[in-house]
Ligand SMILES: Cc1cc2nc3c(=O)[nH]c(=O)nc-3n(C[C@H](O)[C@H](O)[C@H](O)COP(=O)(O)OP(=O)(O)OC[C@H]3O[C@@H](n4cnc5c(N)ncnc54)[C@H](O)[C@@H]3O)c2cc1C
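Here you get one chain, nothing else, as structure tokens; it is the form predicted on its own.
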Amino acid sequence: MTRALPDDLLKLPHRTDVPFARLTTLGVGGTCRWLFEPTAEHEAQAFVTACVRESLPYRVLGGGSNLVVLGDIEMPVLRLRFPAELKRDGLKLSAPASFGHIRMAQEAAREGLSGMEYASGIPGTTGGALRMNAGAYGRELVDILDTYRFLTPGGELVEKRPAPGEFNYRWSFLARGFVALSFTVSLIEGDRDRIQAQVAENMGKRGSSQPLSKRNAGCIFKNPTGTSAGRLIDQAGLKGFRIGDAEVSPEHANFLVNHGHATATEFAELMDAVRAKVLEMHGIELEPEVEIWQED
């Protein structure tokens, strides 16, 4: 997509030609031609409204921790840069979508509020966590979600409570075109020391079982019903399997890591090879948990 952007859109905070290697935890991809970074809800709404008016497709970027970018992206990309402020109202805690997910879990623990301990091992932003209904240790965000705010693909601002069918395993209806803005969780009061200890334990588990020393995008594939993607990949003998600088982690088979100079093509080929081998050996087709971007 090569076209001039309207003047009102260009008045919003933005940068041009930003490498996705700087915007994602995996560190691969091409160039983000237009990166818009609103600092308030009305700016985010103005962005969506302008794109809708001009029939401009756009993408929404969070912390870049659950994303594989394949090549350059010419369409406008929205990344919220709201003030990093948590608000507490009794047992409820609210955060903007650009707030760190792990940080929110840590702040809740410091407040002596229990319910977000599961999130202490899940990187990215709260907006990304809302969009994918992040979870771990048998818990997920929807379990504690009280209200949330978002923009529709038409630019309408909505605040609502979660309803049946809106959230599922690593999925929400907030698909492409929606923009998560903030959410409020309902927690319970507990022992601060115990909660902080649980947060630290979860962080420790993540550090001991995941390849945090290498750039990665988190778990690449969703767990099929009744088993784990990592176990299936491991049983297929793929730990350590490598294409260029992209490798199936020897530590955790559901992590694909970048040894420093991996390309988007190498990661695409590695993902395809893993899915094909697991399908051949187990008859199970793995579904990506990461979001995959390429120019339409």
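Sequential numbering from 1, following the sequence displayed. Only a predicted model underlies this, so the values are computations on that prediction, with no experimental measurement involved.
Just so you know, the form predicted together with this ligand exists too; it's not on screen, but the next bit is about it.
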(message) Quick one: 38, 87 and 147 and this ligand in the model of the complex, is every residue within 4.5 Å by at least one heavy atom?
(response) no
Counting only non-hydrogen atoms, the one stretch of 159-167, 107-115, 188-196, 211-219 within 4.5 angstroms of this ligand in the model of the complex is 211-219
Practice prompt. May I ask you to state whether residue 179 is within 4.5 Å of this ligand in the model of the complex, using heavy atom distances?
Written response: yes
**Report entry** 4.5 Å heavy atom contact, residue 206 and this ligand in the model of the complex
**Finding:** yes
* To do: Consider residue 136 of the chain shown here, and say whether it contacts this ligand in the model of the complex, taking contact as heavy atoms within 4.5 Å.
  => yes
So, residue 155 and this ligand: in the model of the complex, are they within 4.5 Å at any heavy atom pair?
no
Assert contact residue (this ligand, in the model of the complex, non-hydrogen atom within 4.5 Å, options 44, 262, 232, 61) equals 61
Answer key, this ligand contact in the model of the complex at 4.5 Å (heavy atoms) among 31, 249, 49, 65: the residue is 65
Applying a 4.5 angstroms cut-off on non-hydrogen atoms, the residues of 71-91 near this ligand in the model of the complex are 80
